[in-house]
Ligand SMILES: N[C@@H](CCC(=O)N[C@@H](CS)C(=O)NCC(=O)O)C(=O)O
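Encoded as structure tokens, the following chain is the form predicted on its own, with no partner shown.
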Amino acid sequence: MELVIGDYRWSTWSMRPWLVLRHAGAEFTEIEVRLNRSDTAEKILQHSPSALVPALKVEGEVIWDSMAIAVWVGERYPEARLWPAAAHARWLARSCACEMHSGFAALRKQCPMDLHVKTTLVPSEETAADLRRLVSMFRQMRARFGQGGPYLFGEWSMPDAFFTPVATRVRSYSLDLAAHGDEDGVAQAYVDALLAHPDFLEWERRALVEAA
């Protein structure tokens, strides 16, 4: 099984299924295609029919798109409990992950993931609206389902993989969640938990090695 990814520094889409595969204990190798180069598209097309990363090569097939790969991992490794066991929590966990997968365009555009960046940024009105929605979602899910641990639904689950790149943006651009509705720090504590997860720290270590 091979996972085709982009740079550790930039590729949010690649980080998500990588975290999910690691959490599931899957054995896989990685093919890294460097992004933003003249031959990037040509090299990705050697692996992925969409000309985008990530792509997972398994059993003679290529699964593309981070959500499709994550769903496949959940099916193949049910013992990893990548979705909450309780029905209502599971429904909402899927809603959260899918909203992140398809939304928050302003935040993505103004604050692209870059693990080498540490700066202060004033959010646009559109980005501020995205931050308010994220803070609201984090606080609501933590209040309802977060009693079993520090993650969105208590124990680490699929949405946490999808929100980890958001956590890096909060840190990289010094985004003040308290100014967007996180009065008591619940959302910030969740962000901090994502950034302290051992699998993310390994991804970040590789990004730093890549830059050396």
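Quick caveat: nothing in here was measured; it's all calculated off a predicted structure. Numbers follow the displayed sequence, beginning with 1.
If you look for the form predicted in complex with the ligand, you will not find it shown, but the lines that follow are about it.
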Problem - Complete contact of K118, T168 and L208 with the ligand in the predicted complex (any heavy atom, 4.5 Å) - result: no
Handout entry: Segment assignment from 171-179, 24-32, 49-57, 147-155: heavy atom within 4.5 Å of the ligand in the predicted complex
Key = 49-57
Exercise for the section: Consider the chain as shown here, without its partner, and state which of R76, H88, H101, K109 has a heavy atom within 4.5 Å of the ligand in the predicted complex. Expected result: H101
Exercise for the section: Answer with yes or no whether T164 is in contact with the ligand in the predicted complex, where contact means some heavy atom within 4.5 Å. Expected result: no
Practice task
Give a yes/no on whether I44 approaches the ligand to within 4.5 Å in the predicted complex, heavy atoms considered.
Solution key: yes
